[in-house]
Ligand code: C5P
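Only one chain is included here, represented as C-alpha cells and corresponding to the form predicted alone.
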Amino acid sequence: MSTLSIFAPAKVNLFLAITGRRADGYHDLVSVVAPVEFGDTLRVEAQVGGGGAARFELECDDAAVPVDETNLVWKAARAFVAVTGWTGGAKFFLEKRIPMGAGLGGGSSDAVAALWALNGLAGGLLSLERLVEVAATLGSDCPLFLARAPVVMRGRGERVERLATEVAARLHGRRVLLFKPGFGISTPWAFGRMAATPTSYLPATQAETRLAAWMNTPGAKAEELLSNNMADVVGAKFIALPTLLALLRARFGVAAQMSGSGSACFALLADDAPVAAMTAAIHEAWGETAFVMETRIA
C-alpha cells in the first residue's frame, strides 16, 4: 500500500475522575472514554527515505496547526522509527476538524492515526500490543484511540480496557452535541490547578465504586454516568463553561458535561432533542465563533 487515509476520531470523557497525583508528576485517573463519528482525516503517502534514514513531511489545511516537529504526528513518526528501525518515509496531509485546546483528544488521535498508517506502510512491523506501548509514550490519551471503541482508562491513561459488549451497547449510536467556546484550555494548566487543590481529587475507591455501579446495572443510561471532577476546578476560572452547562440543563433538560480538561463540552441528545434551539442558545452565550457539531458515539 502506497497511500492510506486514516480517520482520527474525537473523543468524549463520559466519566472522568482524577484520583490523585503520582510520584512521577502525572495524575492517576479513572475514565470512561468514547470515540465519536466526528474527527480529523490523516492521508499518508509513502515516499523513499533519504540517506538510509526515514524522511517525513507534514501539511495541514488549518494554518493554525503547527506542522513542525512539535506536532504529535511528527513525534509518532519518530517514535515508530525508533522502535522499528524502519527506513522508509511518508508525507502526511492532515485535514483538521477537531478544534485545538478542546479536551477532545485531537492531537492524540492524529498521532495514533500516524502510527496505524506507518505500521501499514511498513508491512505490520508492530503488533497491536506494541503499538499501545509506543502510543503511551506519546501522551496519556493516545492508547485509547487504538481500541476504536468505548473504553475504561486507568493509571495515567496507559491502562485501557474495552467495555463489555452489553455495556458498550448502551453508548453506541447515542447522539451527541459537541460545543466549544472561542478559547482553548491548556491541559498542563488544568492539571496544575487540580494539584493545587487536592481536595478536588476523587478517591480511587469512590471512582471505581461509582463506575462499577453503573456498569453492573442492566439498562443504566449514559446520562447516569456523566461526571467530571475537573469541571469545577476549570470552571472556577472559566465561568462561561459552567454557566452555559447549567443553562442547557435547565432549559432543555439534557445531560451535559465538560470533556476532559475542556474547553469543549458535550450534551447527550434524545431523538427529539431541539438541536437548533440548543445551538442558538450556545451561540447566544458564547458568540457566533463558538464551535458546534452534532455527531454520534462510535
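Start at 1 with the first residue shown and count on from there. The structure displayed is predicted, hence computed values, not measured ones.
Beyond what is shown, the protein has a form predicted in complex with ligand C5P; the following relates to that form.
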From Asn71, Asn119, Thr84, Ser140: within 4.5 Å of ligand C5P in the predicted complex by heavy atoms is Ser140
Could you work out which of Arg97, Arg156, Arg193, Arg174 is the residue within 4.5 angstroms of ligand C5P in the predicted complex, going by heavy atoms? Arg156
If we define contact as a non-hydrogen atom of the residue within 4.5 angstroms of the partner, is Arg43 a contact of ligand C5P in the predicted complex? no
Although ligand C5P is absent from this view, report whether Thr187 comes within 4.5 Å of it in the predicted complex, heavy atoms only. yes
Val233 within 4.5 Å of ligand C5P in the predicted complex, heavy atoms: no
Contact label in the predicted complex: Ala34 to ligand C5P, heavy atom within 4.5 Å: no
Going by heavy atoms within 4.5 Å, which of 239-247, 262-270, 60-68, 25-33 lines up against ligand C5P in the predicted complex? 25-33
